[in-house]
Structure formats: C-alpha cells, structure tokens
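First comes one chain, alone, set out as structure tokens in the form predicted on its own.
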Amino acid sequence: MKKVIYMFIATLALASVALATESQIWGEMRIPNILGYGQEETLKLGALFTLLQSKYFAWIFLAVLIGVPSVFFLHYKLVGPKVFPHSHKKHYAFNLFHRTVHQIAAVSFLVLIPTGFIIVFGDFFGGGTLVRMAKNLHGIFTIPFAIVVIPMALMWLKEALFNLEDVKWFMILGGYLSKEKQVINATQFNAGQKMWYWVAILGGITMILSGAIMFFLDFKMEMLHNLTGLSQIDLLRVAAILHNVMGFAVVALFITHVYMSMFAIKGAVHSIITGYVEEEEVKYLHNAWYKKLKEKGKF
C-alpha cells in the first residue's frame, strides 16, 4: 500500500514539474508581465513588505527554530517524558485511511519545513543550486499535502471541536508540567491536538493558496482580482506576508506536535503507525474518551 502511495505522489510531482516547464509563466511572458506591475494601481505595500522581509521575518523564523526546541529540551530534562506500559489492552482507533492521510501530511511537512527555512535564509546559504532545489521541492511536496488536507479536515472535524473541558486543559497545560501522571478529562483529541488541527488545516490551506500565488508569480486570475480588488503586485506581496505569518504558527505547532508524540509521551507516535492506542495512556491523558470506550466494551 505504501509503495502505491509513494508512486502516486511521485507521479503527481513529475507531472507538476512538466506542467510548470511548459507553462508560459516560466517562459517568454515572464519579463513583459513583471514590467507591467509598475503600470498597475497598487496599495503601496512595497515599503511594508520590504521592511517585514528584510528586518523581521527571518529573525522571527530563527527565534521559532531555536526557541521552541529549546523550551522542549528544558522540559525533557526538568520534567521528563510520560511513560506508559504498552503491554496492556489496546484499542484500534485509527484505520488505514486515517493513517495513510496522516502519514502523507507528515512526510509533506518534513520536507516543506526544512526547505522553507532554506528559502527564508537563502542569503545565508549563498543562494544558487541549493536554494533553487529547496524551492522546487517546496513546491512539489505542497501537492501531496494539498491532496490530503481536505480529507484530513473532514475525517477529524468532529473530534477537533473545542469544549469547556479544553479550557481546563489549557489551565494546567494538560498536566505536562508535572512529573506525576495525572488523569486528564480530555476527549479523543486534547486541546493541544485540537489547536494543532486548526492551525494545520486553516494555516495549511492559507499557505497552499498564498504559496501557489508566489510560486507561479505571473499566473493571473481575473476572479482573484475581482474578489480582492488587489493588483497583481499587491496580490504577490499580500501572499508573501500571509505565507510568512502563517508559517510562524505552523512551524511552532509542528515542532510541538512532533515533540509531544515522539518524546513527551513515549510510544505515542506508534498509534498513527499501527492504529492502536494503549489503555493506560488513554485512561490518563484522554479520560473522557476512555470512559466512552469503556462503556462500549472497547477496553
């Protein structure tokens, strides 16, 4: 099954490269279109975009890249991970479709985020081949994520809706600041996972659209102009600003998601590989869900 999925993604990637190669936006129309930008009415966003791009965006990304892992390193050293036995009863929570969609999204992020950083810090890397390769990979791996983002949104929408118990979860940060195991009255997704869901879905869709506008540069759509009232150059600048701002949140929450599933809770990552969740882990960290499963005889 995995081989079929990887072949499907590879085929889409090659098709996208071929399409881009044949497109006029990469050919003789590029220069005439760019020259036309100066003739369009604009909102004068050039100064704001230049300021943000040259003074703030790179520093904020660097702060996220260093700061978030540093906080979790301290957490791991001072508080330590939660360890649950994996020899007890298990519940089959994630079917093959769930796991496949999640794994495609995960692989996409594992390429999109590093290549995004190479693009942001292109000057540091000296530009050239490495940055061009990162840009192309960034565009290619957007395709599989774009394919799965809507199915992922729909299949977990109900579990991602917030409730009053989530407020309590945030107040104690899910018990992760305690070395002792605490019973947390969370549903199948705790408040942190729900927050990541909404950032990944809404932020991901925003970044797909804004990234496409930047990637194809001269791909003009009258519908977008009529809908937003923005000229082509303003549309590019707004897309770039949105892409960077959403990138801060997506990167920070992705790092958090990886830390929680691989380090803070030992073995938690296996659930999205095998589909099974362990009884004691669910009992402590998702007690509201555990009670429902218990009533149904799942444990």
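Note that residue numbering begins at 1 and tracks the sequence as displayed. No experiment lies behind these values; they were computed from the predicted model shown.
The same protein has a further form, the form predicted together with protoporphyrin IX containing FE (HEM), not shown here; the description that follows concerns it.
Q: Looking at protoporphyrin IX containing FE (HEM) in the predicted bound form, is some heavy atom of each of F215, L236 and H243 within 4.5 Å of it?
A: Negative, none of the three is within 4.5 Å.
Q: Any idea which of 71 to 79, 172 to 180, 114 to 122, 193 to 201 reaches within 4.5 Å of protoporphyrin IX containing FE (HEM) in the predicted bound form, heavy atoms considered?
A: Within 4.5 Å of the partner lies stretch 193 to 201.
Q: State the residue from A134, I140, I184, M152 whose non-hydrogen atoms include one within 4.5 Å of protoporphyrin IX containing FE (HEM) in the predicted bound form.
A: Only one option qualifies, and that one is M152.
Q: Quick one: from L45, A268, L52, L62, grab the residue that has a heavy atom within 4.5 Å of protoporphyrin IX containing FE (HEM) in the predicted bound form.
A: Contact residue from the list: A268.
Q: If you check in the predicted bound form, is H225 within 4.5 Å of protoporphyrin IX containing FE (HEM), heavy atoms only?
A: H225: no contact with protoporphyrin IX containing FE (HEM) in the predicted bound form.
Q: Hey, in the predicted bound form, does M262 get a heavy atom within 4.5 angstroms of protoporphyrin IX containing FE (HEM)?
A: Result yes; M262 sits at the interface with protoporphyrin IX containing FE (HEM) in the predicted bound form.
Q: Wondering, does F94 line up within 4.5 Å of protoporphyrin IX containing FE (HEM) in the predicted bound form on heavy atoms?
A: Yes, F94 is a contact residue.
Q: Within 4.5 Å, heavy atoms only: does V167 come near protoporphyrin IX containing FE (HEM) in the predicted bound form?
A: Because no heavy atom of V167 falls inside 4.5 Å of protoporphyrin IX containing FE (HEM) in the predicted bound form, the answer is no.
Q: Out of 108 to 124, which residues reach within 4.5 Å of protoporphyrin IX containing FE (HEM) in the predicted bound form, heavy atoms considered?
A: Heavy-atom contacts to protoporphyrin IX containing FE (HEM) in the predicted bound form: F109, L110.
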